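First, one chain by itself: the form predicted alone, in structure tokens.
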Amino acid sequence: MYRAIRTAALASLLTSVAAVAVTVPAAAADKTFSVGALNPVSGAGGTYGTGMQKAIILAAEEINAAGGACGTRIAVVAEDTQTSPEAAVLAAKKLVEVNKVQVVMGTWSSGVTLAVMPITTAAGVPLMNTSGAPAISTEDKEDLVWRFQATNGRFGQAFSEIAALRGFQRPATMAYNNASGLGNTEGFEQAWTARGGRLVSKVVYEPKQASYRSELQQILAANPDVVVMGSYLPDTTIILREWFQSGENPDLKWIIPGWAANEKLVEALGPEVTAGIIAVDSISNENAPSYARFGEAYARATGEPAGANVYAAMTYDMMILWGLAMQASCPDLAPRAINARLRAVDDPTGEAVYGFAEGKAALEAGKTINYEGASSQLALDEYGDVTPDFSLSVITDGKIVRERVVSLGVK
């Protein structure tokens, strides 16, 4: 499910040019709206970033093929965050100040999104992200930031639900010391204690260490039956290798977010070390026509199934939703005016639509619409956050096998 999607040819296509060519009918060629695709093509998020960029382009092409939004074509300008806040800040400044983009889409990792937010907000440019930290919601004072991934708090609720389903009694947590890692484990602790449970140990570790033996020993000394992780792939790989090599508590189970417990982890450690790991990730709106449309286009463009990259469905939805908001805001295409129409095209009382052309026709007919996304039903809350469902998958014989879907319900 979590196959690496970066091919050399596609990565070269997306990163070798700043402005990405998007096919557009001649009728919409006289007016252009610039969109910044700011994605993790390299670094810890590199497994997903190329596909995220491609999904934005696919959605822009879908909008342009339907005559554009308010008769305006979408032009995509792409930059790589390198999954680094420092690199992302420089890339965001280029997009906003040099390329003059009017919306930025697709930041991945909370540290990156939090670093970019002050730049986009100061410029009055909306920012759409796939990050989880609660601070993204609370720091968005101007309602210009939109989250298409579950919050870390909701991930924590899903971890708690899964731990209860599996009958664990003595959980411990290990968190990477950043907003995302801490948000995941703190969300779990809050949900777990609300159930009447308690943690036997919790450890926060610093990034980019060669070894985590001392932190691991603190956890193992408490004799937990499961460790809930707020982690990334590189540190997770080291921690699990050191645990396995220690021979201590061989029956210990692990609950790990899907961006760290993926096929790359299995490749690095092998099926014996990773056997029984519980991987948890948000999942797409797999039964929706919007997901089917996206999946077909994504497979044609990349040669990969849509399920290989849950974040690509999110960035596709960003572009489609923005295009519909442009149509709803027509003729005023100022970024803040469009931003103010995002909830109006995700109205739960409106007619369900599953693509741009369908939604555009309904808007032109004077209807209220509810865009049902490929990544989730969206249902944007007061913070601009969504609530997708989650997958409970278990690594079995080197394969990531989904066992069930966990739904927290739309909040």
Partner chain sequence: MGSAYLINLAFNGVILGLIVALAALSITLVFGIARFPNAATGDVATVGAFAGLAVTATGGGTAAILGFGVLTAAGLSLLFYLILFRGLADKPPVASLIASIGLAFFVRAVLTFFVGHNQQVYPLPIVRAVPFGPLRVQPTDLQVIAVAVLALAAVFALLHLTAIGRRMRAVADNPDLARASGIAATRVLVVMWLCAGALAGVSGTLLGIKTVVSPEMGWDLLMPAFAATILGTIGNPVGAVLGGLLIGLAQELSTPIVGFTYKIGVGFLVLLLMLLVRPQGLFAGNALVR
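Given the structure is predicted, the values throughout are model-derived calculations rather than measurements. Numbering follows the first chain given and starts at 1.
FYI, the form predicted in complex with the partner chain isn't displayed, but the following is about it.
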Item to check | Contacting member of 190, 211, 169, 223, with respect to the partner chain in the predicted complex [4.5 Å, heavy atom] | outcome: 211
Checklist entry - Of 215, 304, 140, 263, which one comes within 4.5 Å of the partner chain in the predicted complex, counting heavy atoms only? => result 215
Checklist entry - If you check in the predicted complex, do 206, 242 and 245 all have a non-hydrogen atom within 4.5 Å of the partner chain? => result yes
Next on the checklist: I'd like to know if residue 335 sits close to the partner chain in the predicted complex, meaning any non-hydrogen atom pair within 4.5 angstroms.
Outcome noted: no
Next on the checklist: How about residue 234 - does it come within 4.5 Å of the partner chain in the predicted complex, if we only consider non-hydrogen atoms?
Outcome noted: yes
Next on the checklist: Given that the partner chain is not shown alongside this chain, does residue 238 nevertheless sit within 4.5 Å of it in the predicted complex, heavy atom to heavy atom?
Outcome noted: yes
Item to check | 4.5 Å heavy atom contact, residue 328 to the partner chain in the predicted complex | outcome: no
Checklist outcome for this item: Answer among 284-292, 319-327, 158-166, 267-275 for heavy atoms within 4.5 Å of the partner chain in the predicted complex: the stretch 267-275
